[in-house]
Ligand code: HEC
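The data below hold one chain only, encoded as structure tokens and taken in the form predicted alone.
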Amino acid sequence: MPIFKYFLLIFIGMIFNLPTTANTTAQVSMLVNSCVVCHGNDGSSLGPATPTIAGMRRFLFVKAMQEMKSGKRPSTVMSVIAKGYTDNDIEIMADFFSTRDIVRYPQTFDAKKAQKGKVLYEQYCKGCHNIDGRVESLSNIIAGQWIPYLRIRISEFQHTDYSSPIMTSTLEYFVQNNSEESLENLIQFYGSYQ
């Protein structure tokens, strides 16, 4: 009889776990659908100032959401939206978007500036933002992001209290050795990547 009780307890435990498993797909769908309104299907933004989050590295997705949730990272509306998600919700969204393929939509760019930006990219950015083969090694994907979004993001690194020591010091070094206007060449280069 005691063995029967153990089997009964295991069976009851399995039954109570069924709704959780069944809700996982619905929960993922609900969370993801709340993102695609701004960030596009599967996280590929239709722009112009909303970033693509498809293919975003999982740990960087979680970090970005947690920083926006806490107010550490500047944002327009995401600091409010992120507060509505639990840590588990953020993990679920990170799992989903990190596995999505990026769709880069055509956008207008200045070809001359993009060509100058390519030279600057090779010299200053390629180590962390290696886009050969559409893979960026150490960071989130910026190749093919919308040009207005790239301008906003670079300005945040330069002019807010948001702490990203590597990017802040890299941008300072870049501007000292080139010019503030040269940043636009980089932005045009990244925006031209389609």
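Counting begins at 1, following the sequence as shown. Being a predicted model, the structure only gives us computed values, none of them experimental.
The next section is about a form of this same protein that is not shown, the form predicted in complex with this ligand.
- Residue in contact with this ligand in the predicted bound form (any heavy atom within 4.5 Å), chosen from 27, 130, 160, 34: 34.
- This ligand is not drawn, but in the predicted bound form it has no heavy atom within 4.5 Å of residue 88.
- In the predicted bound form, this ligand lies farther than 4.5 Å from every heavy atom of residue 111.
- Though the partner is left out of this view, residue 93 does reach within 4.5 Å of this ligand in the predicted bound form, counting heavy atoms only.
- When this ligand is considered in the predicted bound form, residue 69 lies well away from it, no heavy atom lying within 4.5 Å.
- Taking a 4.5 Å heavy atom cutoff to this ligand in the predicted bound form, the contacting residues in 37-74 are 38, 39, 49, 50, 51, 53, 56, 61, 63, 64, 65, 68, 73.
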